[in-house]
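Shown here is one chain on its own, the form predicted on its own, set out as structure tokens.
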């Protein structure tokens, strides 16, 4: 039984790592190309959850699952064009202040529109139930979250590493001046990257709404943990974020098994250890902000 409980805690830790990954990956992509540290990213996660709650009665959970990330990504396009692109060449402190203020606006707007109380949102009946493997039992919906997160990360990897769009983005990360000298404007690519990264946060909000609850402060609660994953993996590193999310999930699960009170603190201790040994994170490199 102890082995089964250990396996369950490790899987739960990896589940936490999976939805941290969806949010952290978007953070890392936006920072890589534009140099914007988006403190409002958690707010878009919350918007995704609230859209799911609002749309599910009208078009069902499946429709909300598809529509919510798309709508949040479209909102990301608007935010990038109105706000982000004004700060690519500015002092990074200004973009931090901008996105911090935007995060506050999003949270308070959600309070005004939907109220401060949490909204109920349950797992659809078709996705409920348990999966039995011998004596091991695990909720079906949590396995679905794993599958969707893996599919989203795989699709993002394909876009970044196997398409012409991705080649320009990676070139822009490594040498933006050379890309500009070739006559390629990075601004449309930054708009697309913002839509992708913010859409991933919206997807995480849809998936986690039935588990974590839907309330205005949910974005602020998860943002710190997502930043921990980005810092451990290395700012701007695609594979670093993935490795960090898995590492955080495993360490969290093992810590809860052996000493439950330290479960939440384990990721912060891990971050401190990684930064002591490698200040840039596991896969961090020097990133140039494009001009």
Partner chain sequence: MAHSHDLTRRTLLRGVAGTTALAGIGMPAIVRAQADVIRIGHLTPITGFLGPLGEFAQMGVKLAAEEINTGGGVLGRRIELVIEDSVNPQTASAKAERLIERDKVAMIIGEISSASALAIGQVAARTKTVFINTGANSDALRGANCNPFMFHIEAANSMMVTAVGNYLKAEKLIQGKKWYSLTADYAFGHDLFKVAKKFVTENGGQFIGEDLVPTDATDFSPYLLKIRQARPDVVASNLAGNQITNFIKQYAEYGLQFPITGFGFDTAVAWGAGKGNFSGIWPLIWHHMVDTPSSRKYVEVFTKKYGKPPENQSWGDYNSLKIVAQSFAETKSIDPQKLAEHLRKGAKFDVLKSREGYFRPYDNQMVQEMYAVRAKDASKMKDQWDIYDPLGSVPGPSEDLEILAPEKDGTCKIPA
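None of the values given here were measured: they were computed from a predicted structure. Residue numbers count along the first chain shown, from 1. Between two forms, the rigid core is defined as the largest C-alpha subset superposing within 1.5 Å.
The form predicted together with its partner chain exists for this protein as well; it is not shown, and the discussion that follows is about that form.
Q: So, in the predicted complex, is residue 192 in contact with its partner chain at a 4.5 angstroms heavy atom limit?
A: Heavy-atom contact with its partner chain at 4.5 Å: absent for residue 192.
Q: Indicate whether residue 177 is a 4.5 Å heavy atom neighbour of its partner chain in the predicted complex.
A: No.
Q: Although its partner chain is absent from this view, report whether residue 221 comes within 4.5 Å of it in the predicted complex, heavy atoms only.
A: Taking the distances in the predicted complex, the answer for residue 221 is yes, it comes within 4.5 Å of its partner chain.
Q: Heavy atoms within 4.5 Å of its partner chain in the predicted complex: does residue 199 have any?
A: Judged by the heavy-atom cut-off of 4.5 Å, residue 199 is well away from its partner chain in the predicted complex.
Q: Its partner chain isn't shown here, but in the predicted complex which of 168, 211, 71, 159 has a heavy atom within 4.5 Å of it?
A: The residue in contact is 211.
Q: Thinking of 118, 121 and 215 as one candidate spot, does its partner chain come within 4.5 Å of a heavy atom in every one of them in the predicted complex?
A: Verified in the predicted complex; spot residues all in contact, yes.
Q: Which is the contacting stretch out of 169-177, 108-116, 92-100, 151-159, given heavy atoms within 4.5 Å of its partner chain in the predicted complex?
A: Of the options given, it is 108-116.
Q: Taking its partner chain as it sits in the predicted complex, which residues of 7-37 have a non-hydrogen atom within 4.5 Å of it? Please list them.
A: In sequence order, 8, 9, 12, 16, 19 come within 4.5 Å of the partner.
Q: Take the rigid core as the frame of reference and indicate whether the C-alpha of residue 105 shifts by 2 Å or more between this form and the one not shown.
A: No; residue 105 is a residue whose C-alpha shifts by less than 2 Å between this form and the one not shown when the cores are overlaid.
Q: Would you say residue 221 moves its Cα by 2 Å or more between this form and the one not shown, aligning on the core?
A: No, because once the rigid core is superposed, the C-alpha of residue 221 moves less than 2 Å between this form and the one not shown.
Q: Superposing on the rigid core, does the Cα of residue 117 end up 2 Å or more away between this form and the one not shown?
A: Result for residue 117: no, shift under 2 Å.
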